[in-house]
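Just one chain follows, in the form predicted alone, and it is written as structure tokens.
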Amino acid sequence: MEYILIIISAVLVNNIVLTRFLGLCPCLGVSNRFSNAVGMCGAVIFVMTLATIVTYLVNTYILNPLHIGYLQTVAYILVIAALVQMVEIILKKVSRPLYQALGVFLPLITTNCTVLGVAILVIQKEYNLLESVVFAMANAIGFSMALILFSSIREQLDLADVPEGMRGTPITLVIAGLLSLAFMGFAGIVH
């Protein structure tokens, strides 16, 4: 039951993009086309889960025993950057079609603050490894859901008669605000 609560909380109640406001830049930047959004979603799910596992292990077995927890953010940034580079190199050699499908999205994840944010939240919430993995996957799904919602709405807006002053970024920010309000309606479902 605890894992179900973690999933519901991460996907709906405390959505990483729409209620915590982490990852708005890639969400707004990549959401102009549905196909771009789907590519980014796959890459984020994979990298966020893998990065959370590795950063959890680094924190548990290196930073805490050596009493250097104050280096957490720097260590996590280095781990995430190195991990993304390793995944990119491995995919390039092992699965060329998957590497080409992810394209530019894999390097973009290095600067995606949701990956770092989830890794830090796992430690703050004092989750064990399994809870951390569930939390990371649920947040990645929440990020993906927000990104797909944004991209779907933005593609529909291309066909709509939007006033001149609201085209582009202004209407996108209004959509973000409205989606955020809608997701805040889930508050109170899970503590």
Partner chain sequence: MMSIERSRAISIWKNFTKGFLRENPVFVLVLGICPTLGVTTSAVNGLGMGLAATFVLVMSNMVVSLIKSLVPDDVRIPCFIVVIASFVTIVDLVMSAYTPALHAQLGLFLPLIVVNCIILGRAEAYASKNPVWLSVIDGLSMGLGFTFALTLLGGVRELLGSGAVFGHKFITGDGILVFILAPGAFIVLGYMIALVRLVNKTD
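Residue numbers count along the first chain shown, from 1. Keep in mind that what you see is a predicted model, and the values were worked out from it rather than measured.
Just so it is clear, the following notes concern the form predicted in complex with the partner chain, a form of the same protein that is not shown.
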Scan I53, M166, I153, M145 and let me know which has any heavy atom within 4.5 Å of the partner chain in the predicted complex.
M166
Flag A10 as yes or no: does it have a non-hydrogen atom within 4.5 angstroms of any non-hydrogen atom of the partner chain in the predicted complex?
no
With the partner left out of view, is A187 within 4.5 angstroms of the partner chain in the predicted complex by any non-hydrogen atom?
no
Is it the case that Y61, even though its partner is missing from this view, gets within 4.5 Å of the partner chain in the predicted complex, heavy atoms only?
no
Evaluate I120 for contact with the partner chain in the predicted complex, applying a 4.5 angstroms cut-off between non-hydrogen atoms, and reply yes or no.
yes
In sequence order, the residues of 39-74 that place a heavy atom within 4.5 Å of the partner chain in the predicted complex are Y70, T73, V74
